[in-house]
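Let's start with one chain on its own, the form predicted on its own, as structure tokens.
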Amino acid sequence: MNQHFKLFLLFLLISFTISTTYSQDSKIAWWQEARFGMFIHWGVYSIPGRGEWLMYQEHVPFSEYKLLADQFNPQNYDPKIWVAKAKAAGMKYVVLTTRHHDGFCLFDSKVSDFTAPKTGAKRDLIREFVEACHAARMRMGFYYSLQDWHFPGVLPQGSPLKPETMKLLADQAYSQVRELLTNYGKVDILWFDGLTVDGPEGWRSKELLEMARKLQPELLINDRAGLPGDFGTPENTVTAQSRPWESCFCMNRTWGYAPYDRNYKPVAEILRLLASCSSQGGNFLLNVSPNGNGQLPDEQVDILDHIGKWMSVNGKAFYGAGPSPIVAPNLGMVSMVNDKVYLLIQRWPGSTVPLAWCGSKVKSACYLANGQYARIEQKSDRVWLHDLPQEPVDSYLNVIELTFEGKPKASDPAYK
């Protein structure tokens, strides 16, 4: 092989690598820009209102549980309202449970009779959801549980399934994922859940994900089919990862509708979680739980409204955000978007806001809550932002936007 041909092959390999990397990065770029999404847990378990694990936790026989499907006919279901609420709250994508562990499908499946179109609702509820998202130009995703509790021998959990049961479950999952990715147009996210101890081999996860990517090349897939997928999914905890990641949280302590669960997180805590995720380069997926009629609980609507008003002023600190080289642990958290740094202040210090270990000259400092610019004093790597209100204007999380001469950088040595 001559030298010129070797160089040509090397050029092709480098070009292919760059092209592949760009394709992978660009595919997830919108998602990493979004930073904030809505999770929706909804199904027949919303009728009794005792959470989505009701069938398992109360050991309800399937012969009894399946009767809920005939009662599940949500007269007030209007997904356009859900999508509008998500948009108004500053959320950039929505993920809905197409099927939870109980096996009930909100969509029209040819391989199951336990579906909305074949029971009380007599309609494809997923199609209406998809149409609402597409009409509003809202990115959307499908949650899909691999396990199905109404198959004999699946409960109780914790032991490997019989090979014949495992094959039936894997075949059903393969068919239903194909239906979801074939019958509803563009799908942005496939959010798996419910992997059993049988692992990715039992579920034929490699084959399943390959099929999904072939059907929807731009699809983002999470890590809960036992393979890495495109992003990690810590649950009810903020755990930063070296790869794309998303923390999902419920507003109270229950994913499915549970009117008795009054343990709602304060708006300030929800915004702190959003800040914790975005400032570490992660996404925040906040759950809502409609009732059996398709309506969001008043408490959740109220929380979304407050978040939306706050995000309309402070959202620029979160979309596309990641870690900042300049930190301010005396104040709270810090995020960076492009070349702007945002102080996410949990502990307001008074009319002068101090920070340190700053290696760049601060050009301006704007308090987003009232649009006020601070008077800046800087000596070496120490900075004081003067003439701000003695008491914080914002009752949740106070944000100051810093711009610099050149790119922001930490001092040398930096804060450790």
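One-based numbering along the sequence shown. For clarity, every value in this text was computed on a predicted model and none was experimentally measured.
The same protein has a further form, the form predicted in complex with a small molecule, not shown here; the description that follows concerns it.
- The partner is absent here, but in the model of the complex a heavy atom of D193, alone among D193, D261, D198, D188, sits within 4.5 Å of the small molecule.
- Contact annotation: of the candidates Y342, Y184, W255, F72, the single residue with a non-hydrogen atom within 4.5 angstroms of the small molecule in the model of the complex is W255.
- Segments offered: 328-336, 297-305, 93-101, 199-207. Contacting the small molecule in the model of the complex at heavy atom distances within 4.5 Å is 93-101.
- Residue contact check for W53: one or more of its heavy atoms lie within 4.5 Å of the small molecule in the model of the complex.
- When contacts are judged by a 4.5 Å heavy atom cut-off, C248 counts as touching the small molecule in the model of the complex.
- For the chain shown alone, K85 is not a contact residue for the small molecule in the model of the complex, no non-hydrogen atom being within 4.5 angstroms.
- Residue contact with the small molecule in the model of the complex: Y65 places no heavy atom within 4.5 Å of it.
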